[in-house]
Structure formats: C-alpha cells, structure tokens
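What follows is one chain in structure tokens, specifically the form predicted alone.
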Amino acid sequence: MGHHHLKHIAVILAAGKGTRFKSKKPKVIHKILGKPMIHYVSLAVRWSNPHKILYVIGHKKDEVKRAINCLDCVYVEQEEQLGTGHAVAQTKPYWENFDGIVMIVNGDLPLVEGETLKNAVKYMEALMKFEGAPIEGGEDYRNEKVAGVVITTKVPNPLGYGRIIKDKHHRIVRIVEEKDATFEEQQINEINTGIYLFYAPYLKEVIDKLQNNNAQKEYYLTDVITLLNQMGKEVYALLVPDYTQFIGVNDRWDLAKAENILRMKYLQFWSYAGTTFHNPESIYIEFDVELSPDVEVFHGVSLKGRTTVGEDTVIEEHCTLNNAKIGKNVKILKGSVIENSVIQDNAVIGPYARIRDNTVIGQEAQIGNFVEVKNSTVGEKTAAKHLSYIGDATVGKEVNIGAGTITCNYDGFQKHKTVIKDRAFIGSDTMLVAPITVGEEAITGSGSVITKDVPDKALAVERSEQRIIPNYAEKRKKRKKDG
C-alpha cells in the first residue's frame, strides 16, 4: 500500500419519511435555525473531507434534493424504504471497487460535529495502521482483521436506542435493538449513534447477505457487524463522550431540543467573538447571521436570514431583523421590525418602527415610533419621528417629516413614486398623493393633501379656511331648551 491516507466515501441516509413528524414534508428538510436539518449533517460530513458524498433519497426525493442543494454529490434512490441495510446496499455500485472506507451517517443527526467524523476516520486508519512505520520490505504493516468502527456514546437514558455489546478491547460483539434486548442488555447505556465506518472490500462481501427476519421486516445495517464477526473480522466502538452531538431527531419535539442546543452554541460563538447578549435563552439567531464586536442584544430579539450587524450597534428588546444589513453604532429601539433593508451608520430606528422591502435608511437618520418605511431611500440626517407611512419614496438629506405624514402611493391599480428633495419640511398630517415631487427646502402646511409638485423653497398649503362662529355653545344650549 505504501504511505498514504485511506480515502473515504460518505453515505448520508436521507430517504425516510419521518412518520412521527406527522408532516407532509420529509423529515430531513424540516428547518433548524433557518436551514434544513440535512444542511448541518452535510456540513459535518464535508469537514471530514470525503472523496465523494452519496445521498440515499426516497420519500419526496425532489424536495430533499432541493434542500440538499449539492452539485458535486451523487443521489442514490431507495424506491422502498426497507431499512438502513437496504439503503446502503443501493449505494454499492459506487464503492464496490473502492479501496477505502465507507462512512455512513444518518441524515437526522444535525448536531454531529465535523471534527468527530474526522477523528473517526483517523481512528480507523490507526487501527488498520495505514500510516504505520514500514517493516522490512517497505510495505506498511496492515491489520487485516479490522473491518470497521461504530461511533458510540453514553446517554443518561438509553430508551429507544440500540445498545452496544462489546468486549474489553472495545470490539463490538453485536448491537442489540431495544425490542430484542434482554433486561440485562437494557441496562447498558452505551448506544449506537447511527454513524458507521466500514472497510469497503469487507462491506462488499456482507452487504447482500442481510436478512429481514425481524419485527419491522427491515434490513438492519447493524447486522453487518454480526456478519463481519462471522468472517473473523473486527468492528471497534469509538466512544465519544459528548452525547448531545448524537441527539437523533425523530419527532418535532426532538427538533426543538436540537434547535435549542444549536442556538445556544451559536450565541456562545458570537459571544466569544465580542457580542453581548442579555438573557440569551430568549434570543433567536439563525445560521447565516453575522455579528460584530461590541454589538449588544437585549431580551427577545430575533435575528434571521442573512442579517449582518456592525460594531457598537445596540438592538433593544423584542426587535426582529430578517435579511437586514445594519451599519455601525446604530440604535434599534425596542419592538422594531427590519426586513430586507439596509440601515447605515449612526441611524436611530424605533421604538416600534417597521422597515421593509429594500429600504435604505441613510447615516444619522431617525425613524421613530410607529413609522413604516417600505421600498424607499431615506437620506442622511433625515427625521421621521412619529406615526408616518413612507412607501415607494426617495427622500433626500436633512428632511423633516412631520407626524402623521402619508405617501398615498397606491391608486387602486398601481404604485407611484414620491420624491422629497434635500432639506424639505413636510408639515404634520400631510398627504402626498403620488406621483409627486417636493422640491429642495420646500414646505407643506400641516393637514394638506398635496396633489401637485411643489417647487424648491415654496410653501404648499391645501385646506379650507377656518371659520369662527362666536357664542356657538350658547346658541346650541338655547336650541336644545326651546326644542
């Protein structure tokens, strides 16, 4: 063999339905922190640097393929879901002439770490002594007996898992499914994680000999170990202490538990990178979010999609950011919602503001409470502090937008644009009926419905003249008495 690493091919099992999910969707595409469960398994497998990745797909295979979204992977179809052994047998054409390891990973293990898989490959190489010192004659010494490794872990409650029966040299004698375990065997808390490594030439010899004479009428991959033992080959247990990595997701409550663990891991990661979280248990963060040093995040905040947050920004309680690009030293006050939008440095947003649909808020701008901005650009140092709707608008710099201003952008058929130029002053309760342009330094009187363009520096007022009727209250009282 000469000196070399053993290559490995990864097989990810993603064909199952996930009956206990009670779902129309296949189990492995249910989301954890905004990504399908299978995404995390794929990530860990890639980290181990496989020669090739094979996915076994079956139930609603097109949806699963879309979720996996991998160009250089091979998809192998399992028409009927007849068990893990049967699934691996379908992949045989891809490794039957492969002198290396076949690593098999269940698609419902989103918490497994890439490093764990990498170490398992190294452990198997060491057992086979593939990098051993050459003995006289130059060839590596190789232990022909070693056929595989199963990753195992010890759990506080082994209920429902296959138990590992092994000898004192960590060789697996057999794996017992719970249904078939004796009372003594049920007391064993070392369990099968569903991650296996087999030497391909040996796996090839036994994979077609599996029987389905069990309660489920399925072909179990665990029976491969018994068959290898019968050939005089050995399969070793690699015990990994951190059992949380191997929480299998069999129903939606497992999904919630796995999401919680992963969420706390990500919060911990960003915390070490310089973000302060207050009450992290209450904060939701998705996989693609990126935070900067000296960001401060308060209770009940949701950070979703491809959100990025710049240094020194503070996000107060109960804000939701989704695909939001937030600059430096921005204040996002409580209860604000920002979606698919950009907030530039030093802006102040909220409390209770809503910014959406490709809006850009310029530097040092202030968007206050109960202001909604949609599909608009707002220039630097512009202020809209209360109770306004700004939609499909281009607003310049240093504009003041009075309370209750509304862009009337929709005429019942289509949306129209509003343009407000630099340093304009829009009086409270102005209705801007689009399409319309308000010029530089122009002013609108409060309570006006503006339907024509306003030239630079002009004042536009539109309201009927105020009438005063003296002593009206007395007249009213008298009318009532006489009536």
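The first residue of the sequence shown is number 1, and the count goes up from there. As the structure is a computational prediction, the values presented were derived from the model and not from experiment.
Another form, the form predicted together with a small molecule, is not on view; read the next lines as being about it.
For the chain shown alone, Phe98 is not a contact residue for the small molecule in the model of the complex, no non-hydrogen atom being within 4.5 angstroms. In the model of the complex, the small molecule lies within 4.5 Å of some heavy atom of Glu177. By the criterion of a heavy atom within 4.5 Å, Arg20 is counted among the residues contacting the small molecule in the model of the complex.
Under a 4.5 angstroms non-hydrogen atom cutoff, the small molecule in the model of the complex lacks Gly350 among its neighbouring residues. Between the small molecule and the residues Gly396, Gly404, Gly248, Gly310, the one pair within 4.5 Å by heavy atoms in the model of the complex involves Gly248.
Site annotation in the model of the complex: the residue of Ser341, Asn192, Ser376, Asn409 reaching within 4.5 Å of the small molecule with a heavy atom is Asn192.
Partner contacts here mean any heavy atom within 4.5 Å of the small molecule in the model of the complex, and among 316-324, 381-389, 84-92, 67-75 they occur only in 84-92.
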